[in-house]
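What follows is a pair of forms of the same protein chain, given separately as structure tokens and numbered structure 1 and structure 2.
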Structure 1
Amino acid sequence: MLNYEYLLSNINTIKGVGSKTAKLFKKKNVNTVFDLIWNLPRDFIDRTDEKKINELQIGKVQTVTVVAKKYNFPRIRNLPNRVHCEDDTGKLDCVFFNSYEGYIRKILPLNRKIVISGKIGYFKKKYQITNPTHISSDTNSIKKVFSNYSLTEGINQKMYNKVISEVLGNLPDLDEWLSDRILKKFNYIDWKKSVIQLHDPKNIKKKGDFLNRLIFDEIFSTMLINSNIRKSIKKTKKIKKKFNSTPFENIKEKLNFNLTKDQLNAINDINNDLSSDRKMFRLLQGDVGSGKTIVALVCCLNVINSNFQASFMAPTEILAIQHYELAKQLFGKNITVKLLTSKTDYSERKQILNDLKNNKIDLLVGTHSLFQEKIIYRNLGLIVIDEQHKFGVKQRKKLSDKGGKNCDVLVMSATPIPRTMIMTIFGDMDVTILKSKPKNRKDIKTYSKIENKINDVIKFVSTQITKKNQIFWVCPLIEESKKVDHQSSVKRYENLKKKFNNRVGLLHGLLDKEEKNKILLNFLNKKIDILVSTTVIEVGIDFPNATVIIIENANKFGLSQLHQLRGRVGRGNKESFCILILKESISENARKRIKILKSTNDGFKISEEDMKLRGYGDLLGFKQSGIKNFRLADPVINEDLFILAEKEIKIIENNNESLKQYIPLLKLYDRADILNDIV
């Protein structure tokens, strides 16, 4: 048995944990010995301070040595059993609910000194302890500081402390996986000692080398896997794509704006990858409106001019249609572009699949269906995946493999996230960031209004409609709620319809896909002026005529989410506005969020501030990402350890080190599901 395998063994292998208790642990997602280690103590109970009965304090957990003098076992059902106890200063009752007479006689024999610990109560002028948690004739076994854990129903603190003590006593001495240069940073503390110190009640809420060492292990294991996926993809030799600058120059002539420096740098990064003999696996991350789609389409065209096919996958049908229309407009008649969605009828779909297989289609645009098993590409050279930050590391790796050895992969995300999160979530990829926006895009002016000034907002909306502009109106709820005092989209829709007649549409998550697309297309085609919606407004869709977004109960949204919603307007060259409607009384945190949003349109700055306010787990769109698996690490608090891990990874990469010494680390930290692909 390898020394780390005990830690990966089932929870029921621990002494004192039977099948019934194991089921209770599994309710808390504790399945292995290793899982148990990361259920950390939240506080502690000090049972060391022994008191005499006349010194006891009501409501506190205290320890006292008593002599049991008399049993009181009522024959009436539901009445508690009592044991009358005393010391030389007074009297105390031990009260037991649901405990058998024989058990009580065994743990509290008459006329013997027994140490008892529990919460002190007072009843009928006498101290009492109800269901004492600790009873023993051995003083030393009780007079300790005990850790207090978050538990599931059916497991008490005494049982849990016993189980965790058993585990900590059997921790194996693991072979060290960290380099000497890293260990030196943590004063050479090893993994086992770190875990023991982590559970020591004296260290609750303390920081130190023991904690930093364990946080580093967690970050390092993630980055190590990402690094090796990058390396394994780059090992794949591919045919170099050869193209010239003519197609790009043709596209630039068709645009009514100049590309930004960031866009030109991004195109250069991607072109270098395409023209190399190593497979591209790159993230193109940009703020809303930074022009990622143009960059991706230029690169698709370069791939097509290298005699390869390209595939562009969008998250929704309407966004796929927009990409398709833009590609046709920019590429001209000599490039064959086709659209494949769930709405494509059977005969057309059959023809597309046939043409794709026979290399008669240059660019296929669509949704997730582009990578179903039935779809066969003759010569696929590039996959572009738009807005797929929820893909985990494993799914991205599979997608890269599916395209074949000559197929490069470009993933795009419009959700700006801080660097520490990029390192962790997208660490398996090379990263290019677009920060600046095209000069024709104006900053969105952001204002806040108290909800009793709603009539002023409606007047402003009327003025915008007379200027032939369109409005998004976002509400947090679909239907009105008695429990939650938020504006519902249905109620707002009905109110606005009275004033603006049939020029108002309603969009929410309960509508089916077809109805939803119909409403969005009506808005896009200017058949309605105001679109009342919940937060389901599609990310990335261009509504160039929408110049105003109104967000009700804006204080209930996170900062990143407000920024993403604000990005639905300002997609054209008109002046645009975001109006945040607030209650008169809002929390200090909400006030900070609104102030930050009003002060900047920079999504990266906003995401940094959002993470400081709310923590990384709540950042928009990333609750499903691999980063949620961190048990200790936090990208805000532990930024220095993320940077340290990044430096260590670079040293390992430069030295071309083997993964073998790190296998225990990777297996323990649950990064092992893709080890077979890369070791």
Structure 2
Amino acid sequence: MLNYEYLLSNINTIKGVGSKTAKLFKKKNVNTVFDLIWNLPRDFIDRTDEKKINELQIGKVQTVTVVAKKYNFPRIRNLPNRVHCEDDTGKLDCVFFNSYEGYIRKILPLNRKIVISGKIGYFKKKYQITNPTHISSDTNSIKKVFSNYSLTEGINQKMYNKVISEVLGNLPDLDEWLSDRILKKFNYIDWKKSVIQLHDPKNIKKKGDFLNRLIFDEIFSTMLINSNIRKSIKKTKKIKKKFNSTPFENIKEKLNFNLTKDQLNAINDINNDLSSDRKMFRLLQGDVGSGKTIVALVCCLNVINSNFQASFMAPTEILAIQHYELAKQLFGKNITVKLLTSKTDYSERKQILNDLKNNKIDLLVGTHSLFQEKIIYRNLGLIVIDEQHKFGVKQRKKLSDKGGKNCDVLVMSATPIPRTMIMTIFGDMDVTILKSKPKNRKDIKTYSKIENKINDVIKFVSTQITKKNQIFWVCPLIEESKKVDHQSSVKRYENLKKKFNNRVGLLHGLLDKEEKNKILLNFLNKKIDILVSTTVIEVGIDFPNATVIIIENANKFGLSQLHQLRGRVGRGNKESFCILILKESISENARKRIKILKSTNDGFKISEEDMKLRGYGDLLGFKQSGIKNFRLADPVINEDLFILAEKEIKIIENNNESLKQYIPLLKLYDRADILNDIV
């Protein structure tokens, strides 16, 4: 057995963990010995403080050696069993609620020296310990510092401590994987010593080399895998895409604006990738409204121009429809664009699948359904994935593989995240960032209003309507229930319809495709002025004529989510507004969020603040991205270690160093399934 394999073995291989306990652990996602290591003690109880009975202090946890003298097992319900004990200085009772006589007789036999530890109480002029859990004839097993672990139901602290000390006692001496360059930064502390220190009750909440080393291992393993995915993708040779600039010039003529410098740079980056003989794996990042769609479409067009098919995947059906409409409009009649979503009906779907296979479709726009097993592309040259921050490294790699070796990949994300997060979440990709927004953009003016001032808001809305502007009205997310959301949006809709001449639409998750399309088109074509909706409009939809967004119960939303919602307006060149409707009393945290939102339109700043408020794990949509796998590392707190890891990766890449020494690291830190494709 390789020495690290003990750590990967099933939790029930630990002495004292039977199948019942293992089940309890598994409920908490603790499956292997390694998993168990990262559940850290929260605090500890010191049971080393031994006293004679006459020195005991009431209310303290203390340890005392006594002799049991007499049992008192009353036959009356609700009265506890007692054991009268003593030492040469005084008397003490052990009181047991809900313990059987047999058990008590076993752990506290009469006339023998027994060590007991517990919280000292006082009742009827006598010291007592109630329900003592730490009783033994062996002083050393009791007089210890016990860590308090967050309990898995059914496993008590004593048992937990036993399991942990069993594990710590069996930790293997692993061959060091870190280079000397790195190790010296942590004063050469090895992995095993670090883990032992991590569990030392004295070190709870303490920082030090042991902790930094372990955090580094975690970050480094993630980045190493990312770097290798990137390398392996780059290794793939593909057919260069050959295209000329005519189609792009044609598109530019159709636009009623000039592309920004950043957009042109992005197109340039991507074109270079497309026309190289290496597979593209690129992230295009830009805040809401920075104009990513057009960049992606230009690239699709170039790919089509070089006789390949392209596919464009959106996170929601509505967004897919919008991309589809825009592509049709810009590409003209000679290029076949089709839409495929889960709502596409059977016969149409069949036709599309057939046409795809026969190369009769140039661009397929859709949702997840684009990458189901049954879909076969004749000649796929580009996959664009829009706003899919839920996609983790593994899923992206899978998509890229499915596309085949000639298929380039472009991922777009509107969630501005700090650099440390980009390194970990998108470290497998090259990155282009759209920093500047289109010139005509004005900051969205953001106000808040207390709920009972809703009439003021309605007045404001009607003035805007007379100015021919359109309004998004987002309804409260009262509960995590589609039904309740639905009801509240229906109510608001009915209410607004009366006030605004029926020129109001309602969009919610329960509508079918046709109805949704109809409403969206009505809004686009200005047949309605107000679109009431649940948060289905959150991602990516583009309505340049909408200048106001009202968000009810805004205190319920996270900061990044509010920023995304707000980004639905302010996309044309008119002045835009965001009105946050709030309950009279909101939490301190919500107040902070609203304040930050009002003070800036800068998505990067907002996401940074959001991370500070909520921690990185909750940052919009990243829950499933794999970054949650961090058990110790935090992209905000440990920025320096992220940067150190990045430097180390560069050195390894540049020197082409072998990865052999890192295999245990990668296997332990759960990257093994990707690893197989790489090493």
Ligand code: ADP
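Here the structure is a predicted model, which means the values were calculated and not measured. Numbering runs along the sequence of structure 1, starting at 1. We call the rigid core the largest set of C-alpha positions that still match within 1.5 Å between the two forms.
Trainee: Where's the form predicted on its own, in 1 or in 2?
Mentor: Looking at both copies of the chain, structure 1 is the one that matches the description.
Trainee: Aligned on the rigid core, do the two forms place the Cα of N495 2 Å or more apart, comparing between structure 1 and structure 2?
Mentor: It does, since the N495 C-alpha is displaced 2 Å or more between structure 1 and structure 2 after the core fit.
Trainee: Answer yes if the CA of L56 moves 2 Å or more between structure 1 and structure 2 after aligning the rigid core, and no otherwise.
Mentor: Comparing forms between structure 1 and structure 2, the L56 CA shifts at least 2 Å.
Trainee: Does superposing the core leave F216 with a CA shift of 2 Å or more between structure 1 and structure 2?
Mentor: No; that C-alpha moves by less than 2 Å between structure 1 and structure 2.
Trainee: Keeping the rigid core superposed, can you check how far the CA atom of K254 moves between structure 1 and structure 2, in angstrom?
Mentor: Reported C-alpha shift between structure 1 and structure 2: 2.6 Å at K254.
Trainee: Give the C-alpha shift of E348 between structure 1 and structure 2, in Å, after superposing the two forms on their rigid core.
Mentor: Reported C-alpha shift between structure 1 and structure 2: 4.9 Å at E348.
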